[in-house]
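Encoded as structure tokens, the following chain is the form predicted on its own, with no partner shown.
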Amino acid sequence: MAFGSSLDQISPFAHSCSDLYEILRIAGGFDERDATSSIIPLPDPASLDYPDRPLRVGLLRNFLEHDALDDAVSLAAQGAIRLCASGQILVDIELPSAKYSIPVYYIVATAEASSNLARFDGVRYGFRHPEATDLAAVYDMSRGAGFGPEVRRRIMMGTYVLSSGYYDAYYNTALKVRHVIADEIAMAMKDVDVILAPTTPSTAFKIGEKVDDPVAMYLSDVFTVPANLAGVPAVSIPWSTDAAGLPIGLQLMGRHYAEAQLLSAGILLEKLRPQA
């Protein structure tokens, strides 16, 4: 089911970065039936070996010092940085426009969701409410019962930003800022092999805890959204746990089509990870 066409991607889970490469090896590569697939050949698995030179690791300071960062996550990230410092080259980098990632993402994603999910009308496509007796009821009842509250919220937001008088102010502006974010990441990646940052600002919250505050829930994506907007590969690696035993992850971002190098850096981080 299409949600945000320019953002949707597969996101596999695995026990290790080596296992992730096996998924990439099978799922990646050119497919003549898929216009979005790349003709660039996949790298040889041997390239996943331990790097023969120190990696240049970019430290995303505006994430590592973010106001929303929990103490436990901050301590975990700082611990990883100290371990990396013993053998890798650390480079401080900034992404000035990354602070706009959340509003940009939720404008682009909801606009595309509004368009993609319009087909679920109960007539031509998707669920049809069995109690609907006329056309208006088919639309209203089918979409009301078929979509949950969060999906309906996103459809309404997307329809609003695409509406007459607001398209340029919101959607078109968001696309321009998205390009700026992507350009900043591309420039930063010229000086480093990977970028290190926390995956989320806090550990997992309880199911339903932030339902009444969707903005707070959206802010949980603040560190992962830039890679999604820029279309660069990224991997989240379990690093440690907080006092309650909840997992803390660290994120690595890489260059376009540099998944092997990204996963190689991930293997290195896994070897540095403190043993429980």
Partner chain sequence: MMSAYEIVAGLEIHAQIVTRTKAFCRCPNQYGAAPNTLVCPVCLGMPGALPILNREVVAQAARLARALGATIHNQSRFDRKNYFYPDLPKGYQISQFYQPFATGGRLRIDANAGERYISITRAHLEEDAGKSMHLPDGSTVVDMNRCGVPLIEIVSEPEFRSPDEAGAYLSAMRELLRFIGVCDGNMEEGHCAATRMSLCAGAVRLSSASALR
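Note that the coordinates shown come from a computational prediction; the quantities given were computed from them, not determined experimentally. Rigid core here is just the name for the largest C-alpha set that superposes within 1.5 Å across the two forms. Numbering follows the first chain given and starts at 1.
We do not show the form predicted together with the partner chain, though everything after this point is about it.
Stretch 123-131 is the answer when you ask which of 123-131, 190-198, 83-91, 67-75 has residues with heavy atoms within 4.5 Å of the partner chain in the model of the complex. Contact between R119 and the partner chain in the model of the complex is found at the 4.5 Å heavy atom cutoff.
Although the partner is absent here, S115 is a contact residue: one of its heavy atoms lies within 4.5 angstroms of the partner chain in the model of the complex. A residue is said to contact a partner when one of its heavy atoms sits within 4.5 Å of a partner heavy atom; I39 fails this definition for the partner chain in the model of the complex, lying far away. Of the heavy atoms in I207, none are within 4.5 Å of the partner chain in the model of the complex. With the partner omitted from this view, the residue of A169, A186, L135, M156 that lies near the partner chain in the model of the complex is L135 [heavy atom within 4.5 Å]. In the model of the complex, the residues of 132-166 lying within 4.5 Å of the partner chain by at least one heavy atom are, in order, L135, Y139, R143. Put the two forms on the same core and the Cα of F205 is off by less than 2 Å between the shown form and the other one. Superposition of the core reveals a Cα shift of less than 2 Å for R82 between the shown form and the other one. Once both forms are overlaid on the rigid core, the distance between the two CA positions of R124 between the shown form and the other one is 2 angstroms or more.
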